[in-house]
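Read the single chain below, which is given as structure tokens and is the form predicted alone.
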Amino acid sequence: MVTPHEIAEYIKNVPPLPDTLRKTLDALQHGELADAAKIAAGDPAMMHYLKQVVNSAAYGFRNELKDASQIFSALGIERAKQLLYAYMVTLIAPKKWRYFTLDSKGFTQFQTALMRRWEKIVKKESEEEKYLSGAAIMSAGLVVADAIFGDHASDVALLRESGDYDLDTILERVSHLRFDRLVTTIAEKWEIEEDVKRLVTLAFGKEDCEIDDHVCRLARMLHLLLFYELSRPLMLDAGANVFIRFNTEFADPVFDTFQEIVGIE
């Protein structure tokens, strides 16, 4: 089954931010939207991703955004950062998924829906838009899971037959590690802000926290949102709903507010 050495090797192989992406994020961090757009314009792959996402129905811009200046101006600093981190996740995502029955299009749809609904939550619940990047980093968890379990699908199937185990529980039992720690390690490699890393860690629902703690409340919302998106037909069919276990007790304090903001389809 999965060994700690295998997991360490995977994390070791996760690349740091590419130079152009890091410089673009640095410019955004300093509030320089125009400079960020100029830097991003020099990366054709990044621009292709940004155009694909912002011109999708999920964003609903009236006119097509054709160049970096238009895209960054329309998004603003924190939404642009969120999309850049989401792009970084796509760079480590497999061209051919091995454990989940996903493809690049399906994963991008999941990412985009997760980010757009998270924007609604953060806008309603927080004065700090920096937390927008949390949803993009959460989606890295599925990439980690596919990489780790892709070589061990038959072993995972046997373990799941012996009990109602999610992948996070299986990982912890066989390697004494959890996805929250692995995803946080990736976030550290990508120089994510400390508060956002804490949000991502808590959003896995493994640690208790005080409801009046602002980051904790957002984490409960993100936990709920992750399961909302994983329970939709696309991700159910992909088998991604077994990624981590839903912690009802963790989510309950914010459920009514979540329903008011996101709605239940």
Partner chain sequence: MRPVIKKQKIAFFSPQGFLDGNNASQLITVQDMQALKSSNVSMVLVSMKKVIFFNKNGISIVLDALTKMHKEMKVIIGFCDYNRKQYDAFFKFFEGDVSFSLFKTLDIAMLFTGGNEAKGEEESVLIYNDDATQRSMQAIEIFDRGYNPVVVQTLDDFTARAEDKEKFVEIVDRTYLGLMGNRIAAKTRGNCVIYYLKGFLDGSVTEQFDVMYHQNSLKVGFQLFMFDATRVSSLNIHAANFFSKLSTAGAEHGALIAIVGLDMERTPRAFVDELEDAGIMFFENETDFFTDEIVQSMSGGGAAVKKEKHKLTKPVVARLPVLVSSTMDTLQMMTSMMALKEDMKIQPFEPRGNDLMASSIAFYGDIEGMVTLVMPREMVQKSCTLLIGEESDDTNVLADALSELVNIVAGKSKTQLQEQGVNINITLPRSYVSIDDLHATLEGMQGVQVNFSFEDYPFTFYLSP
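Numbering follows the first chain given and starts at 1. All values reported here derive from a predicted model rather than from experimental measurement.
From this point on, the text means the form predicted together with its partner chain, which you will not see here.
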Decide yes or no: are 228, 233 and 246 jointly within 4.5 Å of its partner chain in the model of the complex, with each residue judged by its heavy atoms? yes
Contact test in the model of the complex: residue 116 vs its partner chain, heavy atoms, 4.5 Å: no
Heavy atom of residue 252 within 4.5 Å of its partner chain in the model of the complex: yes
In the model of the complex, does residue 162 have a heavy atom within 4.5 Å of its partner chain? yes
Considering non-hydrogen atoms and a 4.5 Å limit, does its partner chain approach residue 261 in the model of the complex? no
Of 224, 200, 218, 40, which residue is found within 4.5 angstroms of its partner chain in the model of the complex when only non-hydrogen atoms are counted? 224
Go through 191, 195, 125, 155 and name the one with a heavy atom inside 4.5 Å of its partner chain in the model of the complex. 155
For the chain shown here without its partner, which stretch in 71-79, 137-145, 173-181, 86-94 has non-hydrogen atoms within 4.5 angstroms of its partner chain in the model of the complex? 173-181
